[in-house]
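Quick heads-up: it's one chain on its own, the form predicted on its own, in structure tokens.
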Amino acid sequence: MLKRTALFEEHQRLGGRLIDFGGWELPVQYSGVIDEHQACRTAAGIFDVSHMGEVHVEGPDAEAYLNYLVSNNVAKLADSQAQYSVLCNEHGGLVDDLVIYRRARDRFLVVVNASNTDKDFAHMVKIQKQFQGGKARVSVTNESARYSQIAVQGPKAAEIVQKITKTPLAAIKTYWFAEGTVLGSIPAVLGRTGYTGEDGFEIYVPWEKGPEVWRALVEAGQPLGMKPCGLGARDTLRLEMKYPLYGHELTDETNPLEAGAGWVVKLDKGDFVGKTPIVQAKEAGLKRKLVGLRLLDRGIPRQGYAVYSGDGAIRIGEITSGTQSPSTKQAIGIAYVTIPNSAEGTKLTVDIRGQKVAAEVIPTPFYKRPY
């Protein structure tokens, strides 16, 4: 049996095409990937992301534990601030990427990827038992079943979400959040992060209140051009920003530095899980780098396609994600390539079903919002 979010019947009612996504039955599209993508870029899109995992980390040692658990510096967070980080294993590989919300000095909400929730939680509990000899005053609880999470993304997102809450959204800066209510009395966490490159909000409400909040947002957003969006548009939107996706750009064997996540790896903050092998890899010299590329000839780069040198003679990498970009009208891809072939402007070739197609390393993100 596939798992379903509280919004399953809403997706059926709106005509969403449902697929198996990591064990969840979720909409891949409604009106079409390109239509939904463009709606999010020009007006707004609404996404059901209730399958994401939510973990509560609480107690006097919660901050110290999290600072040891992840690569970023949790100690720099203020109350009501959020932070993107990565969770590493003892070998320096990536268990997951995640967002940490500091609700108070001793209360944190950690949001992890849906397909990794059980794995991440098991890792977090294992580290909890090891931290400070197992005597740390911290609790780690998987509260994913308590939350429905709805994301509204796009240039009109704030205007739409403001219609259902009295919380002043203009006061919430990017990567900050507020705890208030929606629809009068429904408790909600309102975060301003996003996975599309657009302005937007993540709305966390009690699981059973998800359908009511979803319907209210759909009604509020429809006159402004907002459309329900599925997993297909979510993927093309994040790919245009070169945002990584677990299982594509991120794996248990991937070093965060080669994945371009060095900006959230704070090697000067003290010890954390995976720090030593990450430092060793840096000192030895990274062998590959994650880059953005575009095809110069017809075709679409897809995950797993081999990348070769410009003359097609030497295999130097592999595509991790690719698509025909609805915003730029180009065939774009993200790939790991050897360091000598990673500079912008480098000519490469991509093997598409036996045919070598010319490509070029280009600056990222592929798309930059105009506002």
Partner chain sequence: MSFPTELKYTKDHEWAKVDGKTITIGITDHAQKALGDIVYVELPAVGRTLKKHETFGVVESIKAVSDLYSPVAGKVLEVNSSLTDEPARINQDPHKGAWMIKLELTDPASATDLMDAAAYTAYVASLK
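These numbers were taken from a predicted model, which means no experiment stands behind them. Residue numbers count along the first chain shown, from 1.
Keep in mind the form predicted in complex with its partner chain is missing from the figure; the text below concerns it.
K.L.:
Is there a heavy atom of K356 no more than 4.5 Å from a heavy atom of its partner chain in the predicted bound form?
P.N.:
Taking the distances in the predicted bound form, the answer for K356 is no, it never comes within 4.5 Å of its partner chain.
K.L.:
With heavy atoms only and a cut-off of 4.5 Å, decide whether P60 touches its partner chain in the predicted bound form.
P.N.:
Flag for P60 set to no.
K.L.:
Are any of the heavy atoms in G32 no more than 4.5 Å from a heavy atom of its partner chain in the predicted bound form?
P.N.:
Flag for G32 set to yes.
K.L.:
I'd like to know if N67 sits close to its partner chain in the predicted bound form, meaning any non-hydrogen atom pair within 4.5 angstroms.
P.N.:
N67: no, not in contact with its partner chain in the predicted bound form.
K.L.:
Given a 4.5 Å cut-off on heavy atoms, tell me which of 341-349, 40-48, 313-321, 300-308 is the interface stretch with its partner chain in the predicted bound form.
P.N.:
Only one stretch passes the 4.5 Å heavy-atom test: 300-308.
K.L.:
Any chance all of P155, T196 and G200 sit within 4.5 Å of its partner chain in the predicted bound form, going by non-hydrogen atoms?
P.N.:
Per the other structure, none of P155, T196 and G200 touch its partner chain.
K.L.:
Name the residue from G92, P244, G292, G232 that puts a heavy atom within 4.5 Å of its partner chain in the predicted bound form.
P.N.:
When its partner chain is considered in the predicted bound form, the option within 4.5 Å is G232.
K.L.:
If you check N72, Q128, T254, T236 against its partner chain in the predicted bound form, which one has a heavy atom within 4.5 Å?
P.N.:
Of the candidates N72, Q128, T254, T236, T236 is the one lying within 4.5 Å of its partner chain in the predicted bound form.
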